[in-house]
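Take a look at this one chain, the form predicted alone, written out in structure tokens.
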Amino acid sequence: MLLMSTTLVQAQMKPADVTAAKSAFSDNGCANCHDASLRGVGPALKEIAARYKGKKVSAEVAKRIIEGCEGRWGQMAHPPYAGLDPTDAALLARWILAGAP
């Protein structure tokens, strides 16, 4: 079932969007605190995707990326990235929620 779910999720994102999301992730220093599958300073991207699976929270996650948040994944606060283009934040949110394919 996991393979089927992953395939369906990957089909929802165009390859160019996946590439752009990966670039935004690395260009904005997200990898300093987040990993695809391992918890570091922040939650693993797979944890985020699992928590919100089946929920329509893409806009909310994009807003948290830009504005920051705290108390959702422990004591560490997510810093705001106010300079991040909202389009990039929305792309990152969709990519993360898709399991960071």
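Values in this document were obtained by computation on a predicted structure and should not be read as measured data. When you see a residue number, it is the position in the sequence shown, counting from 1.
What comes next is about the form predicted together with heme C (HEC), which is not displayed.
- Here is the short version: of C33, A36, A50, A59, the single residue with a heavy atom within 4.5 Å of heme C (HEC) in the model of the complex is C33.
- Taking the partner from elsewhere, P86 is found to have every heavy atom lying beyond 4.5 Å of heme C (HEC) in the model of the complex.
- Mapping the unseen interface onto this chain, K46 falls outside it, with no heavy atom inside 4.5 Å of heme C (HEC) in the model of the complex.
- Residue contact with heme C (HEC) in the model of the complex: E67 places no heavy atom within 4.5 Å of it.
- In the model of the complex, heme C (HEC) stays beyond 4.5 Å of every heavy atom belonging to V18.
- Looking at 50 to 80, the residues that come within 4.5 Å of heme C (HEC) in the model of the complex, counting any heavy atom, are Y52, V61, R64, I65, C69, E70, G71, R72, W73, G74, M76, A77, H78, P79.
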